[in-house]
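Next comes just one chain, in structure tokens: the form predicted on its own.
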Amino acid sequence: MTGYLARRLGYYVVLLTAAVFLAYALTSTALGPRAYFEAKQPRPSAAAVDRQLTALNLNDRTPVVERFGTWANGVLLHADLGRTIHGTAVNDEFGRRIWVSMRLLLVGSVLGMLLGVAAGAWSAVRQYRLSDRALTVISFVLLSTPVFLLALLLKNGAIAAKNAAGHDVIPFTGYETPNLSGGLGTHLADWGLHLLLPTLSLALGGLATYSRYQRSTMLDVLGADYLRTAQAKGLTRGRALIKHGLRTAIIPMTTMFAYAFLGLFTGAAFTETIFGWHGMGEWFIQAVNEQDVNSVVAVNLFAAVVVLAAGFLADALHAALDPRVRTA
């Protein structure tokens, strides 16, 4: 298993390098930091704009490969992600926002996966019953609803509850209450309440997706001979389904987890903006609007690392669940 995971890790390192270079090249080509500086009033001279762009390693007259080499050396040798278009350190903004997004992404992804797997397995066992049909309808409604619309509906619901009660029932802006006094328990409860609606907006889509796939894979193993054998040896149907059926049916879901994480990150960009979370998604939108190349690349680097880390975790889970993979 160690050799298998080592090979997969090397593969992901190559993928990460290629993804970051492509992100840098496309961002440098698509965005125009020169126009940002030339639009300032009073308008600076062309020489002044060139000096500013060169100082930030954003000069479009320097080859992209050379600019990427300078940026990559800073990252590898000094963990320096460069400067924003305003001249501040990208590292400072990155460090401030990363934990905001990770809190939302980790809880949303894990909750969506666990609830989706459980709902899909339960739906398969109760195939064609009323509960199965109801869950199918709910899943397709959620699948056809964009993340930003789910977020807006949840936020509007919280606003309506506030208007009816005369006070906040569920917080719907920001990730914490400013100047909140109290101990650790008070702050943890406050973070949990602020996390509730943004997490639901991400987890509901994941729940619907995972439940559909899990139901399909679970149906494939329900009539398997090894389940009947396990029951003949004395296991109850429920224990046989959980110990043998679910373990086999969940293997394809580990691969899906890695690729679903990217969609979750994309949805988080809208969710953070709607709920006022100052995380990586909101920063990405701001950076694109400001033609801030280094900030956009930093967010892409974060996304690539998170998605590939999810892929490596999926490989480890796959190897743990399926012994055949360990000798591949």
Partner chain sequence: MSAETMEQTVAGERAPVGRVRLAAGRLAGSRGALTGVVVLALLFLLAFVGPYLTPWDYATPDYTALRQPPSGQHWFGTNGLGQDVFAQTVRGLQKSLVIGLLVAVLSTGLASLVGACAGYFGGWTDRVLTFLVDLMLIFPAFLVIAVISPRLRGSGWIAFVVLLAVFNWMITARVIRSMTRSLREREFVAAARFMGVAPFRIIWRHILPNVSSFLIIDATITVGGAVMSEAALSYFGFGVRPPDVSLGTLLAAGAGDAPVFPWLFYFAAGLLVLFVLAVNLVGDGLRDALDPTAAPGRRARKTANSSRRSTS
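The shown structure was predicted, so the numbers you read here are calculated from the model rather than taken from an experiment. Residue numbers count along the first chain shown, from 1.
If you look for the form predicted in complex with the partner chain, you will not find it shown, but the lines that follow are about it.
Participant: Of the residues Gly95, Pro252, Gly174, Gly182, which one places a heavy atom within 4.5 Å of the partner chain in the predicted bound form?
Facilitator: Partner contact (heavy atom, 4.5 Å) among the options: Pro252.
Participant: Val65, Leu26, Ala48, Ala39: which sits within 4.5 Å of the partner chain in the predicted bound form by any heavy atom?
Facilitator: Filtering the options by heavy-atom distance leaves Leu26.
Participant: Does at least one non-hydrogen atom of Trp99 fall within 4.5 angstroms of the partner chain in the predicted bound form?
Facilitator: No, Trp99 stays farther than 4.5 Å from the partner chain in the predicted bound form.
Participant: Just to confirm, Val141 within 4.5 Å of the partner chain in the predicted bound form by heavy atoms?
Facilitator: Looking in the predicted bound form, residue contacts with the partner chain include Val141, since a heavy atom lies within 4.5 Å.
Participant: Even though the partner chain is not shown here, does Trp122 get within 4.5 Å of it in the predicted bound form, heavy atoms only?
Facilitator: Flag for Trp122 set to no.
Participant: My question is simply whether Ala310 lines the interface with the partner chain in the predicted bound form - judged by any non-hydrogen atom within 4.5 Å.
Facilitator: Looking in the predicted bound form, residue contacts with the partner chain do not include Ala310, since no heavy atom lies within 4.5 Å.
Participant: Can you check 198-206, 72-80, 217-225, 182-190 and let me know which stretch has heavy atoms within 4.5 Å of the partner chain in the predicted bound form?
Facilitator: Going by heavy atoms within 4.5 Å, the stretch is 217-225.
Participant: Within 128-165, which residues have a heavy atom closer than or equal to 4.5 Å from the partner chain in the predicted bound form?
Facilitator: Heavy-atom contacts to the partner chain in the predicted bound form: Tyr128, Phe140, Val141, Leu143, Ser144, Thr145, Pro146, Phe148, Leu149, Leu152, Leu153, Asn156, Ile159.
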